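The chain below stands alone, shown as structure tokens; this is the form predicted alone.
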């Protein structure tokens, strides 16, 4: 009888402990990701996912996030769309089925455009890393650009090179896909508007190309001061750079897409020195203690760090802080849209008095872009160095 009572008491104690634990456990706030994490452009989406996971783990470790009267643990739900618009649609439908209202991605133009009907039908606000203005201008209202667009960074880069490096002529090379072709067209327009002479803009290549020498040769023969690799995927950038340098090209090479220093080092080595790209939205000069801690945690978690994550860390932060500002937006995305108009809180990732706020009025006639610094990098000896920093409205 004594053994039975002890056993019964033990079971009761365990049950009570489990009940208390259940009662005090935080609810889950699911935030989605739909984007590319495999193939030549994998670095773009992988940077998204890892940034979200690192920040979510950090916040959960601190006890979760309090929105209104409820504290939540952040749960990241991911879907690899393999850079395929049809899979992107399937991924967004999966998010809708799980009742998720906020999704980061997709990472490319056609994927971001493809998911728009699903997002609008199912009340999903999504944060693409894609540039078509139609996604962010009325009547569209559910997409928020998560980074600096090529038609914002391109003019800034070209102006800098014109004024500081004497660039007068430019050639463009792009993959034969809608995303890079669109970026090429935007780059051509920006270059011409600045008075640069475009000596070549019709050279394209297939995404599965392995020998880029025949691709790059016609552009090199034009002897441009600047060679722009429009919308180039991180896996293709070093191959194109290597081919250009081995053909004797001595001019400047740039792109308006973010790149991976490790991939450049492995694929092109010192031949990539001087390559200009859009970087992550932080530099040692402006990084706060919170940003440095983020980089440390990310590196410890994944064994490496991607500079682009300096930009990708922002999307989850904006989502959470906007929901804090208006808890009604947890289940009502129209409330989120209203909050966008006046939202402003301190930027935890930058020194000084920088703010998190929504911008984009100049480009889209409405606030549908995250305010992140425009950091332009130059690759040198295995790492990125800051070339200059700017802002967009």
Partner chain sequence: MEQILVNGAYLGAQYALIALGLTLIFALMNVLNFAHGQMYVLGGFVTYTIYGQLGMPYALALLVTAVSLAVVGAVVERFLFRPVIRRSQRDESTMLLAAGLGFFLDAVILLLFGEKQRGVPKLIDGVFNWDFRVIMPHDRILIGCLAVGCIVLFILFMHFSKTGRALRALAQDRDAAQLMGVDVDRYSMTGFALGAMLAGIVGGLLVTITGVNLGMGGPTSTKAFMMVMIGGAGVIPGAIVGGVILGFMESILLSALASYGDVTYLLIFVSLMIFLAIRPNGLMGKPWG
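Because the structure is predicted, anything quoted here is derived from the model rather than measured. Numbering follows the first chain given and starts at 1.
There is another form of the same protein, the form predicted together with its partner chain; it is not shown, and what comes next is about it.
Original post:
Can you check whether residue 176 is within 4.5 Å of its partner chain in the predicted bound form, heavy atom basis?
Top reply: The answer is yes: residue 176 has a heavy atom within 4.5 Å of its partner chain.
Original post:
Does its partner chain get within 4.5 angstroms of any non-hydrogen atom of residue 223 in the predicted bound form?
Top reply: Residue 223 belongs to the contact set for its partner chain.
**OP:** Give a yes/no on whether residue 162 approaches its partner chain to within 4.5 Å in the predicted bound form, heavy atoms considered.
**Re:** Close contact is absent here: in the predicted bound form, residue 162 is far from its partner chain, nothing within 4.5 Å, heavy atoms only.
Original post:
Do residue 210 and its partner chain come within 4.5 Å of each other in the predicted bound form, heavy atoms counted?
Top reply: Close contact exists here: in the predicted bound form, residue 210 approaches its partner chain to within 4.5 Å, heavy atoms only.
Original post:
Of these, 78, 243, 141, 288, which has a heavy atom no more than 4.5 Å from its partner chain in the predicted bound form?
Top reply: Of 78, 243, 141, 288, the residue with a heavy atom within 4.5 Å of its partner chain in the predicted bound form is 243.
Original post:
Of these, 135, 215, 74, 198, which has a heavy atom no more than 4.5 Å from its partner chain in the predicted bound form?
Top reply: Here the answer is residue option 215.
Subject >> Among 232-240, 98-106, 313-321, 272-280, the region lying within 4.5 Å of its partner chain in the predicted bound form by heavy atom distance >> reply: Result for this chain: 232-240.
Original post:
Going by heavy atoms, what in 293-326 lies within 4.5 angstroms of its partner chain in the predicted bound form?
Top reply: Counting only heavy atoms within 4.5 Å of its partner chain in the predicted bound form, the single contacting residue of 293-326 is 304.
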